[in-house]
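There is one chain below, alone, in structure tokens, taken in the form predicted on its own.
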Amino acid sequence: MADVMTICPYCGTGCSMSLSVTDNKIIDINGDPTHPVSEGELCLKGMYGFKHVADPGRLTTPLMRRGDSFVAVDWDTALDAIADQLGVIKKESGPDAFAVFSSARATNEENYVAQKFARAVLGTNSVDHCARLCHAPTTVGLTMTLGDGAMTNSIPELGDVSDLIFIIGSNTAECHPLIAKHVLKAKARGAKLIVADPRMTDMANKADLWLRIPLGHDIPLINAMLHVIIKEGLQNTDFIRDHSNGFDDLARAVEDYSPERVSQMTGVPATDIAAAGRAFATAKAAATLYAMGVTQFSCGTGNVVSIANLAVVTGQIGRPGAGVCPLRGQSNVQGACDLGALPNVYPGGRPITSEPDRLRFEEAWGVALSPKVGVKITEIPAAILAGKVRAIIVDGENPMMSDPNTQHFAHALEKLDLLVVIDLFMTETARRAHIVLPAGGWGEKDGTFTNTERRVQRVRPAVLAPGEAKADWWIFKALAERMGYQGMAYDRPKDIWDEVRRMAPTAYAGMTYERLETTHGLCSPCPAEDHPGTPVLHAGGLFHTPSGKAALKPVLFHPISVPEEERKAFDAPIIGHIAERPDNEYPFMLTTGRRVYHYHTGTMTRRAPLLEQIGPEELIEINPADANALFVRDRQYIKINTRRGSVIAKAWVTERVPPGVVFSTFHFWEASSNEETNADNLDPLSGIPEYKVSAAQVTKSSAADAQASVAAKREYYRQDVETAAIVEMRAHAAASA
């Protein structure tokens, strides 16, 4: 038996683990007691979510669609067909007829190659990934205000240094359990915990002060905290003067957000709002943790900017334990952003609209590059339906369940000339593809992940990929060669990483594989081989904005619409509102999120028997007052209907949600909330959809209706196509043996 150290494939915490391997099979997993973040522990998914690696449903050979089914083909046949059709489309419609979905579950090296393939081979900047659906407002909002779109501090600082932790819009205990452990460690040390969340999460239960704001009311809460801080002279005047611009406008903007006014708007007692502001400003080291309860709104960027405003005005940034901490949801979503899998930046975050940067990449890659910003994932369906995008390569994502209003997305996919999916399984998206390519997955990958604190860590292979499955970078390289591009002569991931270090030297030049092998990773930026890495950003009040100072911004909010005269009082304020509010026809508000047992669309965790046993089905949270009014008891079926679609699942009657709100997830194809979410109202600055609020109807349902609904979903998601594909691949393997 061999033991292989690697990094967990699930959330962005980046826990280290040891895989015990026998006969090319992972048989056990243990935590790494020497790791500074996970400290020997693993969450449920980390401990039991590895069974998907050896699942018999893994893709083992390329598949091409023939009518309603797929046939197994060899790699040359599949790659030649893709390259030929990409060439035809490029000749007919130009390079912007393509889009590439990269992956937050792929390594840094694979994301680098995917974006390079899009830009240097296809000729388009239309490369994006799921950060568009989770933390795009973080990238935009923190870059706008602080100069870096990333967590400013390391995770261990929370437990060791912070004496106040403000969690807003993060269900930390369920979505980042090992980060929650550091929060509890701080609390045991005497630190104060303030939680702002509409739901009574585990962290809200443990808080010293819980601010139960309504859905989407983050901006007025933070503005009211700033109102108290400034009115009582608790701001950090020296820090504001020396390290920021825009304070006067911000102070004027929050004048109207008194705790009393915001209390009327939110129902949160004014005394609690004031207490939160005072505690945050007077703490020795205050850290703000947030996640998609902040970002997934049509004003997501405004929410993030508000958090940055609070940190800068109080000087709670640039020191150990004090900072802004976006908690990333996937193992390498930070890395995918940093390596340029976005339509507006090259690796290292350099803008594609910068001519000097474009010329540098052109010289290195040996091709002319487009200066035109690409299409975002959330804009892709409209671009397809308009005939602008004709071919998409989806690498390791499952947008048929993860994107909003999935029925609209499915309609758009049917219009494509070519859909190529690279994945481990015949996902809901792969079943609609023209060509499906089998990829090596976690446990089989070699490379690096970047966790939410910017820590770059080695990811090591423990077993061989099944059948003919290949690494993602190998697939992009092979396609590039067939399309006549010779600039990807990589033999191994280390070759790619060394190119990354050359092309983004400020962030990565000091991170050799040799250094990463002997450490628990290094936090970027790490510009030289003798540099220790950067656990704390903005030390000494240095911000990577054009002025070198933090840029404070007025952020205005009204649930319906900010009055025009209020907008005109400021130069380019950020505006927030709720895009789809309840009405007589749809009187409830549907909000969405995750459970601790499962991960995203369930592609991996629903193949882990223990996790599926603990969390076998969707449960929709509904408040007891609403359940009583509908004559619904706990675990009876209810139907949620929005203007986009409907699902039926069992009710979880619980005080976790306030009256008028229901909560569900997108883990289960049988009842995926993303059939109901809103794709039409995007944050104008980041392009993220408003997943967290959809006006909804809630009605009592029945077991018979639920059974009929599952049958309809089975057909809609083409479950039988996966079964037939597995049979086809096994027959192919037997014939090839």
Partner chain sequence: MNRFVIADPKLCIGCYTCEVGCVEVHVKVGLVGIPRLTVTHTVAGTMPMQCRHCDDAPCEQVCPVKAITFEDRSIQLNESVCIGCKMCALACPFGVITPYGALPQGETSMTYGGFLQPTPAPVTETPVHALLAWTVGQRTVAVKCDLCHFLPEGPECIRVCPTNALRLVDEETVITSNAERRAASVEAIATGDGLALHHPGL
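Since we're looking at a predicted model, the values are computed, not measured. Numbering follows the first chain given and starts at 1.
From this point on, the text means the form predicted in complex with its partner chain, which you will not see here.
Note on the interface: of 614-622, 253-261, 96-104, 462-470, the segment with non-hydrogen atoms within 4.5 angstroms of its partner chain in the model of the complex is 614-622.
This chain appears without its partner; in the model of the complex, the one residue of Ala478, Leu184, Ile352, Ala72 with a heavy atom within 4.5 Å of its partner chain is Leu184. Interface residue among Leu419, Met200, Ala279, Leu522 relative to its partner chain in the model of the complex, by the heavy atom within 4.5 Å criterion: Met200. Contact check at 4.5 Å (heavy atoms) against its partner chain in the model of the complex: all three of Met47, Gln636 and Arg730 pass. Proximity of Arg606 to its partner chain in the model of the complex falls within the 4.5 Å heavy atom cutoff. When contacts are judged by a 4.5 Å heavy atom cut-off, Ala569 does not count as touching its partner chain in the model of the complex. Interface residue remark: Ile726 is counted as part of the site for its partner chain in the model of the complex, having a heavy atom within 4.5 Å.
Although the partner is absent here, Asp680 sits far enough away that none of its heavy atoms falls within 4.5 Å of its partner chain in the model of the complex. Applying a 4.5 Å heavy atom cutoff to its partner chain in the model of the complex picks out Pro177, Leu178, Ala180, Lys181, Leu184 from 175-196, in order along the sequence.
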